[in-house]
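Consider the single chain below, provided in structure tokens and representing the form predicted alone.
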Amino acid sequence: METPDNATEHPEEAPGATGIAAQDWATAAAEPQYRAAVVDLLGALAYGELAAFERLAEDAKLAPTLGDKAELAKMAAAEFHHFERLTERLGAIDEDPTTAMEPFAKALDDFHRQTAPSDWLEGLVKAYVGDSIASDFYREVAARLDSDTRALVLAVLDDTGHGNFAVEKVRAAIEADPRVGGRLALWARRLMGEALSQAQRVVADRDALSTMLVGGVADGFDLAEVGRMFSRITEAHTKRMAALGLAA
């Protein structure tokens, strides 16, 4: 996952946390609905990391130079390491990783199929924009998690380097041919819409996860806050578009 510029402001360490956010996993997991929500969250994240690994490996085939190919291969390896950490955690809490990931496979596969890049530059923009939207969403959720789960989620959201790499390559391409900018801006706007719709569908389909988001088993969220959360994600997207040299 990507968090290239930390464009949104999140209480990652949950200072002054209360309720579940102030508890460790052993304490918080005593609430069955909270445990189910965390299993869903880890399953969704794990499949997202696996899909990111696969996508970066595919994008490497489109790379124009050997150096670019090597950079993407390195990023793909980092994503797979994140996937391993998440599946190890699921195993450690006596949950089957495949079972936890399965409910999210179709939605994520559909998203990637509907947003398959047609060239190298579209692939870079997709990784930068799409992954960053997902990371912002998970960081928002992480602030409301127990301390152990929060630390793991934030760790696997660490930037693998794709953000700066994408910005450098896309800006260089636009400087070489300004017409590229218009096409990529349209592509990024489409990605934004698809990514938000996909996130909303995933949450809506999982009762424990949606309950956690609106304040049922975790502290600090209500329906109004969910709206503000998506506004912050949209604002962060606008800043990333500017970093790419594209109009939001």
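What you see is a predicted model, and the numbers here were worked out from it, not measured in a lab. The first residue of the shown sequence is 1; numbering continues from there.
The discussion below concerns the form predicted in complex with a further copy of the same chain, not included here.
Colleague: If contact means a heavy atom within 4.5 Å, which one of 112 to 120, 149 to 157, 136 to 144, 93 to 101 is the stretch that engages a further copy of the same chain in the model of the complex?
Modeller: In short, 93 to 101.
Colleague: If you check in the model of the complex, is residue 69 within 4.5 Å of a further copy of the same chain, heavy atoms only?
Modeller: Yes, contact at 4.5 Å.
Colleague: Since only the chain is shown here, I'm wondering whether residue 61 would be in contact with a further copy of the same chain in the model of the complex (any heavy atom pair within 4.5 Å).
Modeller: Taking the distances in the model of the complex, the answer for residue 61 is yes, it comes within 4.5 Å of a further copy of the same chain.
Colleague: Taking a further copy of the same chain as it sits in the model of the complex, is residue 57 in contact with it (heavy atom to heavy atom, 4.5 Å or less)?
Modeller: Judged by the heavy-atom cut-off of 4.5 Å, residue 57 is in contact with a further copy of the same chain in the model of the complex.
Colleague: So in the model of the complex, does residue 73 come within 4.5 Å of a further copy of the same chain, heavy atom to heavy atom?
Modeller: Taking the distances in the model of the complex, the answer for residue 73 is yes, it comes within 4.5 Å of a further copy of the same chain.
Colleague: Within 78 to 105, which residues come within 4.5 Å of a further copy of the same chain in the model of the complex, counting heavy atoms only?
Modeller: The stretch 78 to 105, when checked against a further copy of the same chain in the model of the complex, contributes 80, 81, 83, 84, 98, 101, 102 at the 4.5 Å heavy-atom cut-off.
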